[in-house]
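Listed next as structure tokens is one chain, alone, in the form predicted on its own.
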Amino acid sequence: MSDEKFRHESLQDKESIGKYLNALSDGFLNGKLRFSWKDKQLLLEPQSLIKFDLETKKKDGEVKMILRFRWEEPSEGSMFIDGPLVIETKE
């Protein structure tokens, strides 16, 4: 696999941040997150368990919040490629 990186930094109002967070939520639920800015573009397809890390800090009037998501992309040898095992006890 090739390394791909996307980074964007800007000042936004709280309504815009809310819209970005809603878009992230929709993307996770739908399994596709497409990021684009100028000539850069990156498509992510979260499909398995996702590690979620949240860190917040207040110091000297400055607030910092970091949201981090991490997952493995399924490979051909991955046991998650065909979906989860289902065991039913009733017909």
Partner chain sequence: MHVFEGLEQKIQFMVLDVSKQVDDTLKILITPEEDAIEKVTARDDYIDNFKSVIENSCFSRLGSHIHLDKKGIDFIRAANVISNNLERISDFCVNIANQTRYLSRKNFLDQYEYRPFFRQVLEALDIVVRALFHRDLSLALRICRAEFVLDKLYKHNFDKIIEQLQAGREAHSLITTLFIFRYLERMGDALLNIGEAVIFSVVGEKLKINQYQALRESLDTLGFKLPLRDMDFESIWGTRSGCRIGKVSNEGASSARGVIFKEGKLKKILQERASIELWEEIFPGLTPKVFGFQEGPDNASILLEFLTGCTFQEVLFNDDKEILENAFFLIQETAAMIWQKTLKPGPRPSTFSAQLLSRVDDVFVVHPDLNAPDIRICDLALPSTSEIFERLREIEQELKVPFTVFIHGDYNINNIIYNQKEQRVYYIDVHRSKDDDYLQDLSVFLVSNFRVPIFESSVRDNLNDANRRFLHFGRQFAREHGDPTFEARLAFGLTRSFITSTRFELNPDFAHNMFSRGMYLAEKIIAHQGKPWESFVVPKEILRYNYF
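Numbering follows the first chain given and starts at 1. All of these numbers come straight from a predicted model, not from anything done at the bench.
Unshown form predicted in complex with its partner chain; subsequent notes refer to it.
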| property | result |
| --- | --- |
| Heavy atom distance at most 4.5 Å to its partner chain in the predicted complex, all of 46, 50 and 52 | no |
| Contact test in the predicted complex: residue 67 vs its partner chain, heavy atoms, 4.5 Å | no |
| Contact label in the predicted complex: residue 36 to its partner chain, heavy atom within 4.5 Å | yes |
| Any non-hydrogen atom of residue 75 within 4.5 angstroms of its partner chain in the predicted complex | no |
